[in-house]
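A lone chain, given as structure tokens: the form predicted on its own.
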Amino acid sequence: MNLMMLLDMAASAFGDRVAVHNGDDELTYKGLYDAAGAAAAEIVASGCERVALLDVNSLAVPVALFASAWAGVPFVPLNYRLTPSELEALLARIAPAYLIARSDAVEGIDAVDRDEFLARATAGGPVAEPWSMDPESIAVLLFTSGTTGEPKAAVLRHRHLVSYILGSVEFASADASDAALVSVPPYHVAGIAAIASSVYAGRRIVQLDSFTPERWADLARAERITNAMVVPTMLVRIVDALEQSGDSKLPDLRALSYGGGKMPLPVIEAAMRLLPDVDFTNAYGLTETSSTIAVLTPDDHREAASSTDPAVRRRLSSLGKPLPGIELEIRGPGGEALGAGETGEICVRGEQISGEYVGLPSRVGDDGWFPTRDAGWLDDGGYLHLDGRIDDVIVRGGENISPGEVEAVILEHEAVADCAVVGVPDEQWGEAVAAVVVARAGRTVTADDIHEWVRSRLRSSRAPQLVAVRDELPYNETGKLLRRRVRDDLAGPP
């Protein structure tokens, strides 16, 4: 149970296929295997305890990932958008580390130049000794975004990642012409999962180093992309760009998955109309769960979009059902399992679940269950619906109000493209419901519109007392809504 096992199988079965392509550079599966072995020898000789990477999507990402697995040290991709002081703090926590970075990455930080690393890895040098198959060895450390404090280093062991791949991907299932466009950053768990799953399937990985919707669409056409994964904010921009360009055709694209944040219902509806021949999949997961744990399948999308039953149609904005190897329960404050329609904490159990952080107690219970801190509920058909984070619950006069419930109603308004609901301080009630809305292109919406819309559909206590209209909501680069910034924006006096 080692990530190198996946690459070993791929190199043996289809070594001449192109494994990864970036601009003018590419590596076959045999070439990637050999480069990982040579880089692993250099990593072992360095005496490091971890391999860090500070880079956009490049050939160095898969080489370093598999070289780390071969060398038996954790791979630690770092967020290149952090400030120099933030990066220095993270590097101090993982020292001694073998750091691979672009030459212009950060002044004053000692690193191996990315291009030199690749040149040495592909020069045909000696390879390291055979890798360990210990499933408990740490494969990857991923730092959380740190929105509520110092970033935590989430631990993903080889058994977690390999279990996810074996349970969700069929070996050699891709045709020689299949190509996956990877545009999520390498420090996101989706970036790691995209490489591992494509390698096991035998798919050509095409990397986009810096996302814009125009570059994404151009690359999808030029490289005849068949599969892609995006975060919701990317899909919003892709849909807008395709509509405005007058050319919405992506002739080779067959499958598009999305995840990492909430997907506004109008956006997925527009995407399905724009790309009717594409299979859409909503993939829900966390860093601590080694990526995806629940999916809304292409058939689920089509059934929900075409249904006249409101309960079925609502599933278009759901997360779907758990993967076969995942157990999922909704639990109340006392840990009790809740029934259909009851909102509580999403708890999961399975071989791919980690729930572990460096220097902190594991959050996995003795019974193997991991509390995600996400709030949600299951409908009568077993489809999972997300209501945001447990910590985001608004407590108004002792009543718990789910932001997701109010957001779902606001998003049904024909003039609303996106929205966020948060709690803001209130002297009388403790917290008041507040909302930021983004109007659809060419439409206008007012605070009174939203207030009355919600009042007519939910209890009056759930209607926002404060509504602000903005041009956009604050998301990070991986599609996570930055609710703290929304609260800061609204926390002043109305």
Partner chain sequence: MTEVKVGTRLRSAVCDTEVMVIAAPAGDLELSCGGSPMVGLDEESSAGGAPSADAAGGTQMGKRYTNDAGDIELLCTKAGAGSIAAGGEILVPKDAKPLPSSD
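Numbering follows the first chain given and starts at 1. This one's a predicted model, so the numbers in the text were calculated from it and none came from an experiment.
The same protein also exists as the form predicted in complex with its partner chain; that form is not shown, yet it is the one meant from here on.
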Interface check vs its partner chain in the predicted complex: of Val393, Leu166, Val278, Leu338, the one with a heavy atom inside 4.5 Å is Leu166
Assert contact residue (its partner chain, in the predicted complex, non-hydrogen atom within 4.5 Å, options Ser183, Thr233, Ser197, Thr289) equals Ser197
Looking at the partner-bound form in the predicted complex, is Pro126 within 4.5 Å of its partner chain by any heavy atom? no
Would Ala193 sit within 4.5 Å of its partner chain in the predicted complex, counting heavy atoms only? yes
Although the partner isn't part of this model, could you tell me whether Arg203 comes within 4.5 Å of its partner chain in the predicted complex, counting any heavy atom of the residue? yes
When the contact criterion is heavy atoms within 4.5 Å, does Ala417 count as touching its partner chain in the predicted complex? no
Based on heavy atom distances of at most 4.5 Å to its partner chain in the predicted complex, which listed stretch, 316-324, 385-393, 90-98, 118-126, is the contact stretch? 316-324
So, Tyr187, Leu242 and Thr478: all three within 4.5 Å of its partner chain in the predicted complex by heavy atoms, or not? no
Heavy atom within 4.5 Å of its partner chain in the predicted complex: which residues of 214-246 meet that condition, in order? Asn227, Met229
